[in-house]
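Both blocks below hold the same protein chain, though in two forms, and each is given as structure tokens: structure 1 and structure 2.
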Structure 1
């Protein structure tokens, strides 16, 4: 495989979904109508195949040659070098991300074919949906394989835009419109920090190329040759982290993600599993050289991740909306990933990202299948015993659930365990939080399973439940296989980490205060924890079974006895209310003041300012009399004046 093949693949990965999006968007309703999905599926499928090829090429490469910068073209070129290049960075990290993103996306797009139909008829905006979906995949691919910070930023923003469009897909519904707006605005807050971070990078290093920036960070110099201060590196890292918090829904910018459920279920799956939310994790891993250069930043990442993981898991325990539970679970799992990054276990974090993509996509799609069957109702209190009605959905949902819960020998078990393991070696408190979260995760996951699928058969009124069609079930099964077995990529001999080694070797691995593999690799150290966490997960599932299937009165008792705590959790620690009081309300008031200013002061100014050109226009209009000779006269007199002025100022005319 030559570099040419790699280049072609990289370009196709970006262009195929984009082409699909453009074609679907351009041909649109008149030409495609109910067949729009084909173009999107084709585009994403091409991207997936190319990603696999890229993955193969990178896997086949050895040593230093595992990363390649592929220059596509100069967007704005100038004589003194390129101002902005379009280039792709292909390395193991990018390859894994690409395979994950395009693979999951492909299944989601296929799934959407049936999901976005109402009794076999495409819903309104069917082609719009598929155009956005393909555009989303394009944006994410650009983000992942972009070779400089500017492309990263463009992809970053494009993903935000696409999520806005998709979350607000049912824009007729006020909740959807509000959720889309919320997602966009909260992301903007994070992006503001992110943009500042990139600006600071440019100011410090005078370039936005990954290669040159990372080189300079490693050498500890700035563009002017001065030594790079750690404080500045910390500032850059924290600003970038701010963006990551927005995209990956970490505290305190997590509030948009649960609301994003208002979008169609495939969108939720796409956003939560493979794209968008993983962008923050990817970015921190990509910029590892900066983060690891600043212990402060690393500590912030680790603590942030741990706190978010626990925080979101506790909320998830009380929620009743199936997709909302899953959303908090996503926040929690992302917290794990950040925890992994913070404890210098970037390989494990990416591994968890990889496995999480499978089972979370599966869970969302299965939840979507439930929703589809329940006529759009997703509150687990409204139905139960679906096990019989939706057997295949149930089956796949459970596959996802055991993976998420960390039942031994499923993918989630391996990846999560690695992170907890690393957290323990770093600091016992972080490890403990990780373990606690794992227990909670197992509990709320199976709470959901038991409430929804077990017990007496009960469906909302007027709903005629039916199992979903093939287009939906096939992706579910494929994801189920992934959810169960994806973990084996990581287990024997740490293949996964080994593959990522070249990327993280000089940063996360080498700079870790606790050298990887330095502590006794004895059976108990390595497998004891695994045993403990696995046992705890199974225990939590048993407890959930006991509480929700055997003795359903117990939860109610707990609920009433722990009233304060329960309501706090139910209201998600009042995060939205806190934002409302601390940010939204003052802003509203400020906005009203501004409107007043705008109406009177600014409009007045604008009136004055625009009066100038208008007045000038009425004066100049005199020239446009309409007769040939008045025009000739204007030209002649104007020219005579020009002639004299120029001649007098050059010293002519006698």
Structure 2
């Protein structure tokens, strides 16, 4: 591997988007005049090209060392040498993540040029928006290629900050401001555990460097040479998992992600497809040495992922806001990824992360195109028959939908099927949940397609729909190609997993309770589940077609007869209401009590304590009349009295 090439590219991957963000923020509207998108596009494009070079160098390593730690500079030095370095870890996992992050982000930034314009003129905050986008990409790239836990944490928190700024971009809207605060606060809950996990890592191993920490974990020792207890390793893993639950919106910290739809659609695509929500999956995969060393932690990851996947899929079935349907779909698909990690199929989890980035970015951007045409309306109950009004948007939306639904021979089919297969080999219940979630995914995805794009042409009153321009359509078509064909990187021969094998071989593969390659042999044993899952996905699509196109009266009948069950799903299992009653209101009440104590008890005590000096001041201030002659005479008398006392004490008057 060419270390110098990797070092240059790694630095440019970080600095190019950061430079774009700084220039856009510094120059602003007076200098750029609506052209700020070019600086952000250029910065992200440079990062993408460098990511491709890094990927090519790592892939071309063949039998050589496939990972490299690149030291940039010493950040914090101690008397005995460098205590903390800014260093980048480049390996197959980082290479895949960098290409995914920068590639999807580049298409999103290009798409945003037309989306963020109103009748040909930039909207208010146009420069601010593109500065935030570039800063978001920089933060995610630092998180991915950071070579130690401190850099990971810095990138982790920077991603959270950027999400807050972008979700609340329309800060004049109360809903957007509330959604931004909700995302920030909920993530602080998970990040508190994440920070404690990193602190426990330092206490245990006396370093935050990936290589040294992972070596000691593999050796089963602490920094002092004592045996590493399984309980401590479990505690570290579960604390790190708290942060992953917050960033990747897993139960019970999932509630921020649907509300994040208040941000612009490109922000939704960026957060849901390639940046923030994938951070938790990446972190667990990167720390595989720790997680696989604790069977308890792995069981928690698997169960958490399976339950979250099914939980979110059932909610998506009843939602009517197109972007919220996709948001709950993202939560569900992230659950799949955690399920894959928990059943020791980390390669399959990252493969699904890779394919999911294409079709979920496509769906969110296509939903943004619909929203753009419908005058900001995204409720699928308020329009229909859009396939003739928006033909190109419809075509690309269907490409994303078939991939998300897992239609055979699309990218989502290959990656999702691998996770379900590994889940069944691990435990039948996990596999069954994964299969049921796949059926629900196909149903709610095409429910959305059939309601919005089929039927009679109907648009909201006063809306004059029109197809999007080239700046929006070209990224949609490129993402559509990826949504259909990205899955072939893992088929045949499992090339994708083979590329990642150096990262996961000694952890997820070697420590799996089901030995690698021990699956039942034979055509049906290997591919039977693939046929079953594909057939079930197609069946679910046919059911959605029958219910929402052929017999649209049936869903109304089901809703009225389901009663409480439908209401529960429509209100998202009342999760927000439960948090409001158990957390928000008690904290607000406690805050009011604290304010009352401060106003009346603390301030009252201070008033009492200061009453005496204030009283004396009130009495003595009558002596202050403002007459200079009186002050001079008082000073003279005082001086005379002092002199008389001094002379008496020294006997000077005798």
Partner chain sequence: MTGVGEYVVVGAILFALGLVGFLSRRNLIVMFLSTELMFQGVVVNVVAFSRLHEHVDGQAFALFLLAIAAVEAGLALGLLVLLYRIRGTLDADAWSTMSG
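Numbering follows the first chain given and starts at 1. In this text the structure is predicted, and so the values were computed from the model without any measurement. Here the rigid core means the biggest group of C-alpha atoms that line up within 1.5 Å when the two forms are laid on top of each other.
Participant: The form predicted alone: is that structure 1, or is it structure 2?
Facilitator: That would be structure 2, which is the form predicted alone.
Participant: After core superposition, I'd like to know whether residue 56 moves between structure 1 and structure 2 (criterion: C-alpha shift of 2 angstroms or more).
Facilitator: Not so; residue 56 is displaced by less than 2 Å.
Participant: Any chance the CA of residue 597 moves 2 angstroms or more between structure 1 and structure 2, core superposed?
Facilitator: Comparing forms between structure 1 and structure 2, the residue 597 CA shifts at least 2 Å.
Participant: After core superposition, I'd like to know whether residue 613 moves between structure 1 and structure 2 (criterion: C-alpha shift of 2 angstroms or more).
Facilitator: It does shift by 2 Å or more.
Participant: Looking at residue 639, what is the CA displacement between structure 1 and structure 2 after core superposition, in angstrom?
Facilitator: Displacement of the C-alpha, rigid core superposed: 28.2 Å.
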